[in-house]
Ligand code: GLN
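First, one chain by itself: the form predicted alone, in structure tokens.
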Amino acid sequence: MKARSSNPALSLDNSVHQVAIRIRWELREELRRGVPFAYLTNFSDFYENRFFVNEAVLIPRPETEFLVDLILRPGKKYSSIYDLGTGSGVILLSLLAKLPHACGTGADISPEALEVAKINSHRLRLSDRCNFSQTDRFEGIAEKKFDLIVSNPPYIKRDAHRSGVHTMVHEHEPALALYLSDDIYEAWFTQLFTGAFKALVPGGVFFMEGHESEVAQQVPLLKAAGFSDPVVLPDLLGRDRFLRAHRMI
């Protein structure tokens, strides 16, 4: 029988090799189960930066990058931003990275998501210009006013839209950030739009990412909340995806 090597370096190399094999095997099994790669690596690239992500937050989408583009495209210099449903903080932090004189608040009802957002704010060295609040929509911020409110809320109807959700998304991404019950859908967004109008300064703007089969029907809700010029904007594939509205008074 061949004698076992007494060379510590060779023993260490062998141990590292075995660990690497085990990690590759575990990753392969997780991928086979449909676990998104971003959750296995704990990062996702979004709008020129790399963000920490885990199962408490949605994996950022290209559509949401385009939303950031739409907000920044006119060249307006926002100073105070409210990001409703901030999740990992990608929208708020991407905007702050491009608007060096702006400050912002990220709100979410999930404490686990807010911990991820805080980690990202420190990683990007933006923690001195933002804070995070565990709240539902606009609860507890009535005294604050913003010139930009942006939201990527849960906008999938749990029953009516379920067939359009990829199995991997449904099984692994947080349901709290994805779904609303069908029976509260309209009332939930009515409250969101009313709160957004009240929290904006005159001349402030509201942006939202929404469901392609719902955003056109939400325009009247924005008008009823007080917004004078709500419009639907398409995503990169030409699908109705975003809402923009101004508070004129």
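Throughout, we count residues from 1 along the sequence that is shown. Given the structure is predicted, the values throughout are model-derived calculations rather than measurements.
What comes next is about the form predicted in complex with the ligand, which does not appear here.
Proximity to the ligand in the predicted bound form, taken as heavy atoms within 4.5 Å, picks out 154 to 162 from the listed stretches 133 to 141, 70 to 78, 109 to 117, 154 to 162. In the predicted bound form, at least one heavy atom of Glu63 sits within 4.5 Å of a heavy atom of the ligand. Within 4.5 Å of any heavy atom of the ligand in the predicted bound form lies no heavy atom of Val205. Under a 4.5 angstroms non-hydrogen atom cutoff, the ligand in the predicted bound form has Leu178 among its neighbouring residues. In the predicted bound form, the ligand lies farther than 4.5 Å from every heavy atom of Val53.
Looking at the ligand in the predicted bound form, residues Asp83, Leu92 and Arg244 place no heavy atom within 4.5 Å of it. Among Val215, Leu200, Leu58, Leu192, the residue placing a heavy atom within 4.5 Å of the ligand in the predicted bound form is Leu58.
In the predicted bound form, just one residue of 189 to 209 lies within 4.5 Å of the ligand by at least one heavy atom: Glu209.
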